[in-house]
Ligand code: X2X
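Below, in structure tokens: the form predicted on its own, a single chain.
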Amino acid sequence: MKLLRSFCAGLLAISAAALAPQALAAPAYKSEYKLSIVVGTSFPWGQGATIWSDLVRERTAGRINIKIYPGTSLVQGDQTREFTAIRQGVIDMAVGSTINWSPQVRALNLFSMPFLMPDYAAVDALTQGEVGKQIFGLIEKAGVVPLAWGENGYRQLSNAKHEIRKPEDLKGLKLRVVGSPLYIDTFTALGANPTQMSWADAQPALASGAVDGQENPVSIYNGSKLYSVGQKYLTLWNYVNDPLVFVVNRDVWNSWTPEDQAIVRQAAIDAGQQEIAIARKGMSGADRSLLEGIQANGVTITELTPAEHDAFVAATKSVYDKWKKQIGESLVDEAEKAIAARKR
């Protein structure tokens, strides 16, 4: 009996020793993962985050539970700090703007090159092609895992003073812009007075008249009811588009099983596709319902003629040439070729 007990004890010890490394390697899932976005969940951007969160919770049977933190509240509203906070683990996941993350990943400035992308087909040629893959590689190299593309949309120009049809109309206007040197350069070249501030600070500044105008996608303009704070002139000039990126902190990503990683990635891709469709709805073609709703609030919507558009392109060419060198001429060249070869 003693011999049998010793043998059994030995077997148990061996089993425990064999299992110990597995136990140590088992992923420690959090009860909740923090997902950051700049805007509220009612905007297309926020809807994309909600769709992603819901799909992940459903497809993992609740193993991965995500809570959305709007207004970049995890970094006190400073959207330019968001990428660093993801890398450091303060934020677990995000659906973020290429503009806001461009200080940390210079290649993301590509999408803010003035008048690079004339239409949605041009945007898709970049994000869904080789350029998009290269940029994802650079984001991952910077310490964050990118999974899918979304879209905030083409950024349009609004102001409280007058209609804008030519570069001269911008002279002296104080305009809120995001915290990017490229945006400062662009609006300075157009004769405006660009002022950097967070979106949280921008809305009261517009209401008080501290700034004359701003640039943002129409969905943000409409969802924030900027027409109610005097922004009665809206120019559609499609000067840049703002793709979004669905990402996860690297340590969080590595803590999940390969099966759950695959689920989260596919959920991001599915959510991104749905979000892009939402962001583009009501803006062009037969469906102009979003623009019509804005006009109903007494807003003058200005759509540039080709000649008027070309005048803005010419006025910002020096900015384009300067930033092409800073971003990397080879990447910009590849983007230009992809756009030229796009299917419209």
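Don't overthink the numbering: it's just position in the shown sequence, from 1. This structure is a prediction, so every number in the text was calculated from the model and none was measured.
What follows is about the form predicted in complex with this ligand, which we do not show.
Colleague: Let me know the one among 35, 294, 39, 315 whose heavy atoms come within 4.5 Å of this ligand in the model of the complex, would you?
Modeller: Partner contact (heavy atom, 4.5 Å) among the options: 39.
Colleague: Exactly one of 199, 115, 120, 227 has a non-hydrogen atom within 4.5 Å of this ligand in the model of the complex; which residue is it?
Modeller: The option sitting close enough to the partner is 199.
Colleague: I have 152, 155 and 178 flagged as a candidate spot, so tell me whether each of them has a non-hydrogen atom within 4.5 Å of this ligand in the model of the complex.
Modeller: Yes.
Colleague: Hey, in the model of the complex, does residue 79 get a heavy atom within 4.5 angstroms of this ligand?
Modeller: Yes.
Colleague: Determine whether any heavy atom of residue 45 comes within 4.5 Å of a heavy atom of this ligand in the model of the complex, and answer yes or no.
Modeller: Residue-level check for residue 45: yes, a contact with this ligand.
Colleague: Please tell me whether any heavy atom belonging to residue 97 falls inside 4.5 Å of a heavy atom of this ligand, as the geometry stands in the model of the complex.
Modeller: Residue 97: yes, in contact with this ligand in the model of the complex.
Colleague: If we define contact as a non-hydrogen atom of the residue within 4.5 angstroms of the partner, is residue 131 a contact of this ligand in the model of the complex?
Modeller: So residue 131 does not count as contacting this ligand.
Colleague: For the chain seen here without its partner, which of 266 to 274, 158 to 166, 86 to 94, 214 to 222 has a heavy atom within 4.5 Å of this ligand in the model of the complex?
Modeller: Contact criterion met by 214 to 222 only.
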